[in-house]
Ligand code: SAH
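In the form predicted on its own, a lone chain appears below as structure tokens.
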């Protein structure tokens, strides 16, 4: 097996548990490793550190996968996938749909597996995992009785890795599933849905908002499949307005309302979130609870300044249509926006609207998205709940 030798002191982060080795941290490579092949890793003093997947085209040149040499890669994959699955079943014993493998957080770098009953949706973001996808398919089919296996990849991440921007059906077909998050049911149409079909990362947070909404008027902005709003209705909100710029998503929310036998108490708007809240402010239409869950505004560090301005404006608009004593529920899924930066944008928004905020809850992604302490890259979602007061 080929060997990579790190520069002096570049092993410290890896010894702490970080799983990425960047191209500028490598002193030399012994051999001619191919993209996606396994490579041994040594420090500057020739001490063995472990084994990883190599990719000469990526800034992340090696994705660390084991602190020992690997004799049977399929066996390693099976043990780690099974361990990840068992963790989810311990956390969610009655559910059959969740994020089953969360890449680096489950020590399977570059591999995401979302389980929807007997359908398994993959995101493959590393050359090593792509080269060995047949092993993963075999494991899902033989040990987890998969009926459908297909990929719905993040093309932005695959482009960074030098992988083709495509999706594959490995088993069965790209159909639909009806899933249950423990309270609400959703129909997921994989041929039309965003990401892998459903945002599992907000599952636990949807249950939290049930504490706030009894007999309240609620706006679910960027509603997507309607998860927050559905939970609000089930918790006896007075009314819920669902807002999304995608007509297809609004139709999906209507279907999910029907699936949950929800009749009345709902309004649906196909509209840009910023425009909707601006028009609501002009019309003096206010809500007791406004929930905003936008897509990532910062894909990379270069877009940070623009992203912060976007989050500040979004939260300012939301605050302007919340009744005195109401609640702002605000999320950010941008990894590059850190907790302190996100809270600062909301603080600025509060100042500009003359509001005083009490932070009553802060959390991240749901429990099926574990985090590695040594890798802040595995922590991305910020979920906040504020009580809104007039100054």
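As the structure is a computational prediction, the values presented were derived from the model and not from experiment. Numbering follows the first chain given and starts at 1.
Not pictured, yet referred to below: the form predicted in complex with the ligand.
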Practice prompt. Using a 4.5 Å heavy atom cut-off, indicate which stretch of 282-290, 221-229, 258-266, 128-136 touches the ligand in the model of the complex.
Written response: 221-229
Worksheet entry | Among the candidates 164, 182, 295, 93, the residue which, in the model of the complex, approaches the ligand to within 4.5 Å (heavy atoms) | 295
Worksheet entry | Position in contact with the ligand when the complex is considered in the model of the complex, options 189, 210, 272, 154, heavy atoms within 4.5 Å | 272
Worksheet entry | Heavy atom distance at most 4.5 Å to the ligand in the model of the complex, all of 206, 245 and 249 | yes
Item to complete: Would you check, heavy atoms only and a 4.5 Å threshold, whether residue 202 touches the ligand in the model of the complex?
Response: yes
Fill in: Contact flag, residue 194 vs the ligand in the model of the complex, heavy atom cut 4.5 Å
yes
